[in-house]
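Only one chain is included here, represented as structure tokens and corresponding to the form predicted on its own.
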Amino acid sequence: MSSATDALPEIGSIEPNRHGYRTFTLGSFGFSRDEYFAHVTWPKGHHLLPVDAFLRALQRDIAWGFFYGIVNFDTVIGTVNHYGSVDLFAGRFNAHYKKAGLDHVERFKTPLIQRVFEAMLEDWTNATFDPFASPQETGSAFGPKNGSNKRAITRHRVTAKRMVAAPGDEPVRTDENGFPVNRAFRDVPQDQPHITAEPGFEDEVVAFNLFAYLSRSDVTWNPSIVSVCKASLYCPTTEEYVLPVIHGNDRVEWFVQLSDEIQWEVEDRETGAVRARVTMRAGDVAAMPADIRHRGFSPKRSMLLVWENASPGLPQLYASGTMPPTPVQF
């Protein structure tokens, strides 16, 4: 495993390729795209992904700050967050690549890999494509270079310090502040709670309609932090089509299905061996263990509450075996 220096080098090729896109390097990894595919190279191999799938995964890896644990773009390429540095890998969690000796990993300081990924996302995302949106809500990612869509790719995750609607945190979404109700949630009531606080506690007692708030989400598969209680984070999101990454856990995650249905493919985190297929419908609760990876499929737009424990010491406790990978032992 190699380690990048602190220096932030120039990013990307000076001249675009014949399709109009710049090429990028990060350590010994190379990234290029044509009209249909993203190409990733490393000293031991080459891999390609459909460029729309690559951009959707890249968008979320950046937006999530490389998230908790592993973000697999597919079964070959991805990142591992070490909270200050990030591994970029090819074949690291693929049993066949490892057996053939084709796997490769390099570690980079977080600001460097984020800067390269952001530059790549901006150059490769055409004006017609929004990698945060569902397929029905965006145009094509394919074809030669055609402008950019910086407005779409620079959306920020909601990261409430206390709770949405609390002073200093994000207000409740409305038509007036640019968040119309999504086409899939026309039947969701939009009324807000009425609060009567004792004098002097007006800033301490707050409430909002979570279902109405989520019905106005303009992104998919992008958990936002709507409430914080010490290390306990409520991160709800709206889901449609396919989760663009395969998330490898470094802690237990709790899922609460708020509406409709999501089907989850659950695999062994290290090898990709199938562990389970879980169908969650409204009202279902599931704990995703710390030693798996998962990918969701939502036939129609649905609401999911992801409950995260953000305690910084958890990855080491699970990795060392001090804590079992599941919250309950049967």
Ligand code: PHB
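Just so it is clear, the model here is predicted, and its values are computed rather than measured. Each residue number is its position in the shown sequence, starting from 1.
There is another form of this protein, the form predicted in complex with P-hydroxybenzoic acid, and it is not shown here; the text below is about that form.
Within this chain, Leu304 lines the site of P-hydroxybenzoic acid in the predicted bound form, having a heavy atom no more than 4.5 Å away. Contact annotation for Ser227: none of its heavy atoms lies within 4.5 Å of P-hydroxybenzoic acid in the predicted bound form.
For Glu253, a non-hydrogen atom is located within 4.5 Å of P-hydroxybenzoic acid in the predicted bound form, even though that partner is not displayed.
In the predicted bound form, at least one heavy atom of Trp221 sits within 4.5 Å of P-hydroxybenzoic acid.
With P-hydroxybenzoic acid omitted here, the record of contacts in the predicted bound form names 64-72 of 265-273, 279-287, 64-72, 38-46, defined by a heavy atom within 4.5 Å.
Note on the partner interface in the predicted bound form: the residue among Asn126, Ser259, Ser85, Thr237 having a heavy atom within 4.5 angstroms of P-hydroxybenzoic acid is Thr237.
A heavy atom within 4.5 Å of P-hydroxybenzoic acid in the predicted bound form is found for one listed residue only; from Leu243, Ala165, Leu102, Leu112, this is Leu243. Using a 4.5 Å cut-off on any heavy atom, none of the residues of 111-148 reaches P-hydroxybenzoic acid in the predicted bound form.
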